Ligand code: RIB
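Just one chain follows, in the form predicted alone, and it is written as C-alpha cells.
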C-alpha cells in the first residue's frame, strides 16, 4: 500500500534520532569513579526527532528527513513518527549502520550529562534532503541542529531560503565555530548559555544579552538564548530584548527541555512570525518537558501548554 498523501508541512526538520539509554544517579561520577545508579530508562530521543514531535504536538504539520540503522531501534523510530503524524517520506534506512544512541545520566536535581554515538545520523546526505524536497520547499519554517552533517544543514537552508521559509538553527551539540556560509543562511539561532558562549567566544559568565548581541551580527533575524529555570531571551536588531520567565515547576528531568523549546518555538513561528508569542510557547513547552522522566512522554500538547500559560498569567495578576 502506498504511503498516505499528507498536507504540505508548515515545519520541516532535519531529524536526528537517538535511542536514549538513561540512568539516574545521586551525583555525577568523577573521572575514574564508578557509581551505582538507580532507575534505568530506554526511550526515544535525538534532538531533531524531539523537536519535530514537539512541533507536531503544538499543532504544526511536520515533515522530516532522517537516517536510521537497519535495526530494531530504527524500526521503533519509524513507528513513533507515524504515530505522531509526521510526514516520513524523507526517512532513509542504512544497511550495515546502527541507529544513533545517547547515554544519559540524570542526577537528583534533574540535571543531565549526555554522550551520543551518532551512528546512521552521520550518513545523511544532501541527496537524502532532496528526497524530501517537496515537503521542504512547502514549509514555512525549516529547523536544523548539529547532530546531522553540516553539509545537509547548509543544503536544506539554501533550499529553504530560495522558497522563502524561515531557517532556524539550534546550535547543539555546542560547536566552537560554524562555516560562514551557514551563518549567512541562518535566520534564527537558538542556543543555551553554554552553546552561546562557545559560538560567541565570550567567557561562560558573560551576560546572555551580551552574547546574543555578538551572535546577532551573524544571523538574518534574531537570537534566542534559553536560560534554564530563568526562561529565555530574544534579541533582534532594532528592538529591545524580550525576556520570558519560566513558570514555576517541580523539576524531575531536564533532558529534552531545549528540544521542546525549539519545537514549540518553530510551531508558533510557522503560525505567526511573532517572536514574543514564539518565546512564550517555547518556554512553556520547555518547562513542561522537565516535569516527568523520558523526553517524548514529557513533550506537551497544545492544550497542556495553553493551560500552563493561563495558570502563569493568573498567578501573576494582581
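Because the structure is a prediction, the values reported are computed rather than measured. Residue numbers count along the first chain shown, from 1.
Below, we turn to the form predicted together with this ligand, even though it does not appear here.
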> Can we say 186, 190 and 236 each have a non-hydrogen atom within 4.5 Å of this ligand in the predicted bound form?
Replying inline: no
> Quick one: which of 43 to 51, 267 to 275, 28 to 36, 60 to 68 gets within 4.5 Å of this ligand in the predicted bound form, going by heavy atoms?
Replying inline: 43 to 51
> Ok, 198, 105, 116, 91: which has a heavy atom sitting within 4.5 Å of this ligand in the predicted bound form?
Replying inline: 116
>> Can you work out whether residue 87 and this ligand are in contact in the predicted bound form, taking contact to mean some heavy atom pair no more than 4.5 Å apart?
In response: no
> For residue 282, is any heavy atom within 4.5 Å of this ligand in the predicted bound form, or not?
Replying inline: no
> Does the 4.5 Å heavy atom contact test between residue 287 and this ligand in the predicted bound form come out positive?
Replying inline: no
>> If we define contact as a non-hydrogen atom of the residue within 4.5 angstroms of the partner, is residue 253 a contact of this ligand in the predicted bound form?
In response: no
> Can you name the residues of 128 to 163 that have a heavy atom within 4.5 Å of this ligand in the predicted bound form?
Replying inline: 147
